[in-house]
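Next up: just one chain, as structure tokens, the form predicted alone.
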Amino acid sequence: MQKNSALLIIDVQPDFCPQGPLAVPGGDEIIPLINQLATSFETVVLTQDWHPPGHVSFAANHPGKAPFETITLPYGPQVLWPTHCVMGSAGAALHPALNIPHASAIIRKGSNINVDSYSAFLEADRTTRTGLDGYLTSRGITHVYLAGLATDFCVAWSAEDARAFGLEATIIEDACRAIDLNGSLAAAWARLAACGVQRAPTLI
């Protein structure tokens, strides 16, 4: 793989895998492929959802509301999720089957109690940066490949923001799994195509 490419591994955490509170169907199936893909990249960045217990996106923090309902917050619509990836918990850790010792950075997102964060680049207020754009620029990265969970939320938002920051972006489809909430997967692919995100079944 070219030195100007990086692999972004999005939110491969136990809480998003089978038996987790926000399980993505087949979420753990992609881990062997991700481990193999990572060996082809010099620059690998992992992200973690990392929320305080009182996070605004948790349905449990909104009396009378149920998971997967949508509310309106100052930054726009917000899906309410089951409590997941609470900072410091076992479910928020990187999945123990990941084996990527040469990963160069970990980006934790969603730690602001009042703002959700799907993207590896920007929080949901669309102004607060995680610092990933500057990190990639400092390493001369011009093209990011994305794998992880979930295709239609954190992977898609990260790919869209990569394009907004001037990077080429390719989603490795076989190394992702989706939630597909009320047609969210088809909607995400339409947005991604419109902003020039590429799709590759696999790189292996």
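Given the structure is predicted, the values throughout are model-derived calculations rather than measurements. Throughout, we count residues from 1 along the sequence that is shown.
Although it is not shown, the form predicted in complex with a small molecule is what the next lines describe.
Trainee: For the interface check, one of 163 to 171, 59 to 67, 143 to 151, 27 to 35 should have non-hydrogen atoms within 4.5 Å of the small molecule in the predicted complex; which one?
Mentor: Going by heavy atoms within 4.5 Å, the stretch is 143 to 151.
Trainee: Quick check on this chain: which one of V45, C176, I179, L136 has a heavy atom within 4.5 Å of the small molecule in the predicted complex?
Mentor: If I apply the 4.5 Å criterion carefully, the residue I get is I179.
Trainee: Since only the chain is shown here, I'm wondering whether H84 would be in contact with the small molecule in the predicted complex (any heavy atom pair within 4.5 Å).
Mentor: Looking in the predicted complex, residue contacts with the small molecule include H84, since a heavy atom lies within 4.5 Å.
Trainee: Indicate whether Y118 is a 4.5 Å heavy atom neighbour of the small molecule in the predicted complex.
Mentor: Contact with the small molecule, yes.
Trainee: May I ask you to state whether L22 is within 4.5 Å of the small molecule in the predicted complex, using heavy atom distances?
Mentor: Yes - in the predicted complex, heavy atoms of L22 and the small molecule come within 4.5 Å of each other.
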